[in-house]
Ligand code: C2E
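First comes one chain, alone, set out as structure tokens in the form predicted alone.
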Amino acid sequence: MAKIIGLIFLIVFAACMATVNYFNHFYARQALQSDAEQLLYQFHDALLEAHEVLDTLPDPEVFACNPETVKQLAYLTFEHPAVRLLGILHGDQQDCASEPILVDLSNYHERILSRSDHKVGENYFLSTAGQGAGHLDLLMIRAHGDARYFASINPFMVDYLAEFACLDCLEYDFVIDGLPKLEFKSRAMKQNSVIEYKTSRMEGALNVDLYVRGTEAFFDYYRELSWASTIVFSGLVASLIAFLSYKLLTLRQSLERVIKDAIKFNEFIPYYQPIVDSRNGAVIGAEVLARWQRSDGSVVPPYQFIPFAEDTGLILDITNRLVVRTAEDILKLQWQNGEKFMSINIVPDHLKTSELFDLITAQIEERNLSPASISLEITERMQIDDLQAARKSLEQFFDKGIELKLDDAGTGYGGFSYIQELGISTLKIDKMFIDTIEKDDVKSSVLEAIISFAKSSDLGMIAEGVEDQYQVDYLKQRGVFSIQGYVYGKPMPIGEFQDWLQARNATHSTS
């Protein structure tokens, strides 16, 4: 088992490591997204701050440029970090500014065809100004007639997540809709970009698109980070899957060992559910149902062990124990003459060897039982791979006088091929169809089809899971008289079943 767990760990670890490229892009994109969000916040705050600064100034038409007013402009830029430069223009001529102007303002107005396209408030709009080498500054303009203030907004910081990863490896580009579009950028990177993230924001009526790009150096940093994270992630996932696999395997082994011990100590016992003829109330037989009675007297429900026992083949040994106990109980019930039957459930694996036939034959001969006192039920829910081989195995039971019933008819793999190929004598109608009686359910038509087919094929019928008298009446009207279900009796151990039969016989003898 250690080799299996180790192999599972390696396979899961390798599969998780194959996701490293995904993590590369994930981390890098998350970093760009975080920077983009920070830039948009800066952009929004810078516009508000520039608007606030320009609002504090008198109308530009009455602003007088002198050393004191220039000092005032310089003080405002010092107090407001988002604003790098404040100045005033009359027409295309600069009057004064908070510091010597390095940007080219001579054609800034050519970047605005209509002030309304880039308006951010009453008398406020945006523009750009050249700074050489194709770089543009963002300006906020406050206009009154032909005079206007301008505030140059500081370049935004972009290296929030990348500041420890690389230098000069990120750049941004703001694009503001209008005629024409306004575009201003950070300092261009020396390397080409390999990854980009785009986002948008509305500033009043303006749509602002932001592009953030990273270089190979930026991506390499997150490649290294993703390798480390992927190794840790892969190790954790592989360990978890390996641990769960170990628990599952040990659980299966533990359950298998417990069931084998239960078989060894005869803890599997038969419970009997009566089958009654609804026309006269006579008991005509019973189905043998496996129950696991622990040494402390507690009973394990069948759904907790039957599926596992079928999957592992342990159901064969359990059935063998039930056959022996059932043969003993047939004598206790005095059903050995064959007028009443015990139906024993089998699975396809029973038909692959003669072990079950030999065991039943030995019990019949040893206890002088009529073969008719025992019948077999095979479920349609389990697939039989070779119907011809199964039929050949069943022939020896038929020759002995033991009949075969089809359990769960209409619910599984076999369909009518089981009936045609296996020599079925009786159909057991599943509870799921019985539950549709007098209900608006599409499965009700299946119930009618099963009954019709059984009649036309001269097959016996037993209705399972019948719980109410109206269901009994409905089935009786359609010629289904053999009833199994809580309407008559639940599955019972042999002692309780004997008491039930005695009470029923007493009731019927006095009525």
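One rule holds for the numbers: they count along the sequence shown, beginning at 1. The structure displayed is predicted, hence computed values, not measured ones.
Just so it is clear, the following notes concern the form predicted in complex with the named molecule, a form of the same protein that is not shown.
Within 4.5 Å of any heavy atom of the named molecule in the predicted complex lies no heavy atom of residue 493. Although the partner is absent here, residue 464 sits close enough that one of its heavy atoms falls within 4.5 Å of the named molecule in the predicted complex. At a distance threshold of 4.5 angstroms between non-hydrogen atoms, residue 485 is in contact with the named molecule in the predicted complex.
The named molecule in the predicted complex is approached by residue 291, whose closest heavy atom lies within 4.5 angstroms of it.
Candidate site formed by 57, 83 and 127: none of these residues places a non-hydrogen atom within 4.5 angstroms of the named molecule in the predicted complex. Between the options 273, 436, 94, 123, the residue in contact with the named molecule in the predicted complex by a heavy atom within 4.5 angstroms is 273. Checking 377, 317, 216, 267 for any heavy atom within 4.5 Å of the named molecule in the predicted complex turns up a single hit: 377. Between 403-411, 138-146, 328-336, 275-283, the stretch whose residues reach within 4.5 angstroms of the named molecule in the predicted complex through a non-hydrogen atom is 403-411. Heavy atoms closer than or equal to 4.5 Å to the named molecule in the predicted complex belong, across 303-341, to the residues 306, 310, 315, 322, ordered by sequence position.
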